[in-house]
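Next up is one chain by itself, shown in structure tokens, the form predicted on its own.
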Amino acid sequence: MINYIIRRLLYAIPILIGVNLLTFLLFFVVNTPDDMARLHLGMKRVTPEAIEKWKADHGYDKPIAFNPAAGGMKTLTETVFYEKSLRLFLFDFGRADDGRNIGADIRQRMGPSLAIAIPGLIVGLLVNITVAMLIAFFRASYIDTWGVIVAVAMMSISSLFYIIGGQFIFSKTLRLVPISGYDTGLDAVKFLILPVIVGLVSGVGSGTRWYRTIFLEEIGKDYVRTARAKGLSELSVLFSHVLRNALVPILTGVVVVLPLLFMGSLITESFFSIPGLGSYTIDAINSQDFGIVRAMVFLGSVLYIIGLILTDISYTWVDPRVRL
């Protein structure tokens, strides 16, 4: 088991290096520091002096990857690549354009993002699996047919519709919960109820179809026919055999998204004015804060790779044959 985990960690290192290099190319070669300065200052009537001053203020005035004028190790360390890219491996995200510490902002905003994502994941998983098993239990019936129709209809509707509709019905009309905002402590619950419900409703269609497909595939296998031949009830077959053997594909969908919960939801947090990492990223894009955008891209890549490793490890717990 330990050797398996070590192999997966070693596989992740070149992937992370490649992501870092690709991110660097996108931010500093395709989109040069001069281009960043023009975008930030405005494309019209920007003087070369203003561009150089902006680059110096934000640490982009050094050579991109090699500084022959510095001498010694400084030929590599006194570069944009070292200061803006390699330091990301140490989770040193630097500072935003307005001087704020990006790492401190990420730690502060991680809490609100998790406060929405964790309840949404747990409740959504229970609802999706329950509804999917109910549809699978009544397969080839009217319940199955109409369940699939409703699921397809729900997943075909944009999440913006559920957000705006939820705000209009529950906040503006019924006045049950605040329309937006956030607070600390237990007072935050009233601000989180609607975003969690909206996230649950918007994802139940696709989740139900996904898990229904998994359960129906398992139901058609030989071990299920053997269990039925032994006289087991359909409920016993579903919960004791089908659900257990469907854990591998279920884990694929669950474990991969666990690290990404830290990143928050871009749309939901923006519409509900929740100070999480999702709205943090959107605000950085709107204000053209390249330091924050670069940090969030790298952090998202790291978390996704961690999710893939956790998925591989969880497979070995469910099916030890994967180790071989």
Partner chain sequence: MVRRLSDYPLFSSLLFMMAVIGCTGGPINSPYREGEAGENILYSSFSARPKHLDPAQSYSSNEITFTGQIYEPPFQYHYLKRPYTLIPLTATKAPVPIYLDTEDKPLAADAPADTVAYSLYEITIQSGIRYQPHPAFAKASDGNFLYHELSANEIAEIDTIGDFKETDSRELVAEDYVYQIKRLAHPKIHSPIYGFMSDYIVGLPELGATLRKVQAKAQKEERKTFLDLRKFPLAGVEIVDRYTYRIKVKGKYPQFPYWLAMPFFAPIPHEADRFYSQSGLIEKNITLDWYPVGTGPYMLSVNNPNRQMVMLKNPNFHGEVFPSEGIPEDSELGLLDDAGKALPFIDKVVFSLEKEGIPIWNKFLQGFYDSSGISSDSFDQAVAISGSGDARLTDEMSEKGIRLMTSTAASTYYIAFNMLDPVIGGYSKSARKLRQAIAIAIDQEESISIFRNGRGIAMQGPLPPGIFGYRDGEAGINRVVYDWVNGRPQRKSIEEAKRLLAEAGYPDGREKVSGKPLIVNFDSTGSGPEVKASFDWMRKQFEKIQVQLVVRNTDYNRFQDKMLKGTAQMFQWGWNADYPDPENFLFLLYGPNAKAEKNGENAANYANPRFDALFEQMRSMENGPRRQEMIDEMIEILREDVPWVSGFHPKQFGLYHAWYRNIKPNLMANNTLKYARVDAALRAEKRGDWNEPRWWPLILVGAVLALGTAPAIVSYRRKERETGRGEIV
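Given the structure is predicted, the values throughout are model-derived calculations rather than measurements. Residue numbers count along the first chain shown, from 1. For the two forms, the rigid core is made up of the largest set of C-alpha atoms that agree within 1.5 Å on superposition.
The discussion below concerns the form predicted together with its partner chain, not included here.
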Original post:
Each of Glu83, Ser156 and Arg294 near its partner chain in the predicted complex, meaning some heavy atom within 4.5 Å?
Top reply: no
**OP:** Please check if Trp54 has a heavy atom lying within 4.5 Å of any heavy atom of its partner chain in the predicted complex.
**Re:** yes
**OP:** Look up in the predicted complex whether Asn67 has a non-hydrogen atom within 4.5 angstroms of its partner chain, and give yes or no.
**Re:** no
Original post:
According to a 4.5 angstroms non-hydrogen atom cut-off, is Arg212 in contact with its partner chain in the predicted complex?
Top reply: no
Original post:
Using 4.5 Å between non-hydrogen atoms, is Thr184 touching its partner chain in the predicted complex?
Top reply: yes
Original post:
Of Thr252, Ser240, Thr77, Ser180, which residue is found within 4.5 angstroms of its partner chain in the predicted complex when only non-hydrogen atoms are counted?
Top reply: Ser180
Original post:
Which listed residue (Ile122, Leu90, Ala229, Leu235) meets the criterion of a heavy atom within 4.5 Å of its partner chain in the predicted complex?
Top reply: Leu235
Original post:
Pick from 218 to 226, 67 to 75, 199 to 207, 97 to 105: which stretch has a heavy atom within 4.5 Å of its partner chain in the predicted complex?
Top reply: 97 to 105
Subject >> Interface residues of 160 to 198 toward its partner chain, as seen in the predicted complex [heavy atoms, 4.5 Å] >> reply: Ile164, Gln167, Phe170, Ser171, Lys172, Thr173, Leu174, Arg175, Leu176, Val177, Pro178, Ile179, Ser180, Gly181, Tyr182, Asp183, Thr184, Leu186, Asp187, Val189, Lys190, Phe191, Ile193
**OP:** Spell out whether the Cα of Arg294 moves at least 2 Å between this form and the one not shown when the two forms are superposed on their rigid core.
**Re:** no
Subject >> Displaced residue check between this form and the one not shown: Asp283, CA, 2 Å or over, core reference >> reply: no
Original post:
Does superposing the core leave Phe27 with a CA shift of 2 Å or more between this form and the one not shown?
Top reply: yes
